[in-house]
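Before any questions on binding or motion, here is one chain by itself as structure tokens, the form predicted on its own.
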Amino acid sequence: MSEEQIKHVIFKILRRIAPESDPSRLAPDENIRRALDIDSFDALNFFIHLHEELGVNIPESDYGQLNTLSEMLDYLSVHIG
């Protein structure tokens, strides 16, 4: 799966969690939770949806490594498939 495809899935999930937001306006190194005002419950739902959509099991211990779009793309690219 390409980074563009992964980004599409990330944005689709973010739009579900924060429907009033425009994830495509995020800078690659911007903290997504702060920028979109995502609380811990929504963040957990985000990781659950990532698992469902991409089949990537993200351990809770890795959540702190996934704060920006760049970090997510790097992490998911390595762990998909």
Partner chain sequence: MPGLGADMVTGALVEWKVKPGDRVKRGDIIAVVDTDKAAIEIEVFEDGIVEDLRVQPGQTVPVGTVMAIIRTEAVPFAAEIAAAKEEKVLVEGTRKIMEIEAPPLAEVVIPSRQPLAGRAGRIKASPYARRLAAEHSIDLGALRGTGPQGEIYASDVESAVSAAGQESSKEAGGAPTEEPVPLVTKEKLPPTSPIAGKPAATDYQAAIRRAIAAAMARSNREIPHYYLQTRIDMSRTLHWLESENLKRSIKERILLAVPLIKAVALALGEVPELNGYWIDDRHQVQESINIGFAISLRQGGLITPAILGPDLMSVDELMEALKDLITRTRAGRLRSSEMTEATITVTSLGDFGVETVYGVIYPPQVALVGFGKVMEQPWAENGLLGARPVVTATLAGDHRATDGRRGAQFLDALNRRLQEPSKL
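Just so you know, these numbers come straight off a predicted model, no measurement behind them. Residue numbers count along the first chain shown, from 1.
The same protein also exists as the form predicted in complex with its partner chain; that form is not shown, yet it is the one meant from here on.
At a distance threshold of 4.5 angstroms between non-hydrogen atoms, residue 58 is in contact with its partner chain in the predicted bound form. Its partner chain is not shown here, but in the predicted bound form it comes within 4.5 Å of a heavy atom of residue 44. At a distance threshold of 4.5 angstroms between non-hydrogen atoms, residue 11 is out of contact with its partner chain in the predicted bound form.
At least one heavy atom of residue 36 is located within 4.5 Å of its partner chain in the predicted bound form. Of all the residues from 1 to 36, those having a non-hydrogen atom no more than 4.5 Å from its partner chain in the predicted bound form are 17, 18, 19, 20, 33, 36.
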